[in-house]
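A lone chain, given as structure tokens: the form predicted on its own.
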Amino acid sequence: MKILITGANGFLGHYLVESLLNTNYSIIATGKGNSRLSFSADNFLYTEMDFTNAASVNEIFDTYNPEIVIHAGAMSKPDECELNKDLAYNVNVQGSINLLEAAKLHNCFFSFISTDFIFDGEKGNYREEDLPAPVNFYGQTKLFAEEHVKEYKGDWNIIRTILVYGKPNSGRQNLLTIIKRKLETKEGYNVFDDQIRTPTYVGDLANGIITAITKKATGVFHISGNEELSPYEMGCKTADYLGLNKSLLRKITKSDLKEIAIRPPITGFDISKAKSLLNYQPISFDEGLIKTFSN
């Protein structure tokens, strides 16, 4: 069975490809530009595809005829989305529409990777059926894309996740590795303590997505970690694990640093549906630290 992945050069994309190499799936990894993946396997190939260009999408779908699509590519930095709204809409919404149109012609199972930022962050512990209310343009574009996925006539699922961390095999850094670099060079670093998340180990997320498509599980699923932590708490745990000076971490709140895009203050997911239907069991944050910084 052929599975096409968008955003394969990215953080999550790398883990998805790596996890799928040992399966019976034939992997069509796609991205803009040259491959940053170092894999070599009979069931793996990389091809360029710009999913904001319908002709590029149709050419790849017609050439390879995938049966499953995992749409993990996105413009995901909230401040960049706020500053470049036309581009963010084109990538996150129109790009998803292009993929859905091609998937419809090929009768693909469609899996869309979404975010906690579709919620306003006023209560936390969100369930799949809770009412979305994004507070920034990034969240709005992901919600628009979700709405198009829900109109798709074939089988689909939406996987929402939160603050993904882990070893950056694709080169893109995340909060934990940024903190490590800052503290190793003895730089101070501002970290928010008034935002609460349930951070997600990237390997857990990749495995959860693969289980969902293998089971052909349809509908919306929340996949994240179990533990509620602020970015500052994550930073302190990282410093303690690495034996670095956590006093260099400066605890700040939204009143101390005005970001371009508003962030939801309290998210976090109720992941009982994923546990029940996908047998999803996330590792602890402490275990995630070990995996993130292991050689």
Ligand SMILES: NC(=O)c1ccc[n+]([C@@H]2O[C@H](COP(=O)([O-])OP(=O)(O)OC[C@H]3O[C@@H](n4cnc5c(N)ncnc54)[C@H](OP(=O)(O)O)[C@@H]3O)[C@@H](O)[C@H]2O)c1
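Here the structure is a predicted model, which is why all the values come from computation and not from measurement. Residue numbers here begin at 1 and follow the sequence given.
Not on display, but discussed next: the form predicted in complex with this ligand.
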Can residue 13 be called a contact residue for this ligand in the predicted bound form at 4.5 Å between heavy atoms?
-> yes
Contact between residue 288 and this ligand in the predicted bound form at 4.5 Å, heavy atoms?
-> no
Just to confirm, residue 162 within 4.5 Å of this ligand in the predicted bound form by heavy atoms?
-> yes
With the cut-off set at 4.5 Å between non-hydrogen atoms, does residue 233 touch this ligand in the predicted bound form?
-> no
Interface stretch in the predicted bound form with this ligand - options 248 to 256, 234 to 242, 62 to 70, 49 to 57, non-hydrogen atom within 4.5 Å = 49 to 57
Among 179, 198 and 292, does every residue place a heavy atom within 4.5 Å of this ligand in the predicted bound form?
-> no
Position in contact with this ligand when the complex is considered in the predicted bound form, options 212, 100, 88, 113, heavy atoms within 4.5 Å | 113
Consider the chain as shown here, without its partner, and state which of 172, 123, 127, 104 has a heavy atom within 4.5 Å of this ligand in the predicted bound form.
-> 172
Within 121 to 142, which residues have a heavy atom closer than or equal to 4.5 Å from this ligand in the predicted bound form?
-> 138, 142
